[in-house]
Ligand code: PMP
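One chain comes next, on its own, written as structure tokens: the form predicted alone.
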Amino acid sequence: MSERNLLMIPGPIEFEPSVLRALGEKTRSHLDPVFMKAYGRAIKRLREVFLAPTAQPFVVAGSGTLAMEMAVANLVQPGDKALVVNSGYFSDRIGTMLERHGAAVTHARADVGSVPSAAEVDTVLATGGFKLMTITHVDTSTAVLAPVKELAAVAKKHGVLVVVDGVCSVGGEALEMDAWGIDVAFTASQKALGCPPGLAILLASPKALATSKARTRPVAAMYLDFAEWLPIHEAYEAERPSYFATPPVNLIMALDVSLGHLVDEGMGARIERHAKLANSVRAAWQALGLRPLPMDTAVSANTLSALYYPPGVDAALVKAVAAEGVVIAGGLHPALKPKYFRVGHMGAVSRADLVTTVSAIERALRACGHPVEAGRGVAALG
């Protein structure tokens, strides 16, 4: 076994050695020309990753939750109507956040393990008066994948702003921000972008920026305000010094390197690679007798798996897998938390990582009393 376990949770994830080297470099001034060039390049690369040539990227110190609140704080004022397309724990979170910012929130819900259909969402939006709609592209709690393209088209028909939580999807699932009419999409550095935790990343369309600018009252939290950050990002993209709040220099240097890997791979090839790895690992879960939480493959994420414990096995499995050298995650959705576990497979993950992970889970299942033929899961990986 190596000095440290293989990290196969749905974020933070393992990342490329070059990203680690960038993180470990001597810290530069935030006005250093080398840093300004890296920051500006990262901003440009984010447009390529999100397929959003017209959007404005924001890269801010914080978590995915901060990016979520940045979207809400800039677009919502008290009394605005918002629709949450709810597919799990993080859909609930953005709903609560919207309410705290004064929005009147409606949830379109489905059974756990599924997502509301475009037709169901259309019916709700047809009642009128909605300003924005939120979609959790991949809910990290359930591994449910929402049909963003179809849902966004329905919202556009009704003239509603579209906000996409891409924390567990961007860099691993298909997302075409401009072509699909998405107004805000956000993520965090530690997921499929392949960078250490600590960066909230958000892209805003011209319509979203105009909506924020047209507010009748300022954004209450200065740190979240597009208007405060916009001149900073414009300056860094032009490689000019600027200041609002000190950026996390090493993290942004590492992000620039990780985004370089995504751009070099090509987003189409990267999405296809994630899909192939996900299909392989689904075959392995089936061979091990593990039932996925998502109700069918059409709503199953390619970036992680959520799997019910087999009969007679409980959360002790997570510790048993760790003892085999691989770190996986327990359940998160409140309704099912003790009944399932989660495995991340995004970013720099390779087939070798999946072999190691499936082998560890096989051995842990046997240790927990679930009869599994040795090598059965790995053989199914293909």
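All residue numbers refer to positions in the sequence shown, first residue = 1. Since the structure is predicted, the reported quantities are computational estimates derived from the model, not experimental observations.
What follows is about the form predicted together with the named molecule, which we do not show.
- Although the partner is absent from this view, residue 93 contacts the named molecule in the predicted complex, with a non-hydrogen atom inside 4.5 angstroms.
- Mapping the unseen interface onto this chain, residue 343 falls outside it, with no heavy atom inside 4.5 Å of the named molecule in the predicted complex.
- In the predicted complex, the named molecule lies within 4.5 Å of some heavy atom of residue 63.
- In the predicted complex, at least one heavy atom of residue 190 sits within 4.5 Å of the named molecule.
- Proximity to the named molecule in the predicted complex, defined as a heavy atom within 4.5 Å, singles out one entry of 293, 259, 82, 168, which is 168.
- For the options 74, 305, 140, 134, the residue carrying a heavy atom within 4.5 angstroms of the named molecule in the predicted complex is 140.
- With the partner omitted here, the stretch from 65 to 73, 39 to 47, 26 to 34, 309 to 317 that lies within 4.5 Å of the named molecule by heavy atoms in the predicted complex is 65 to 73.
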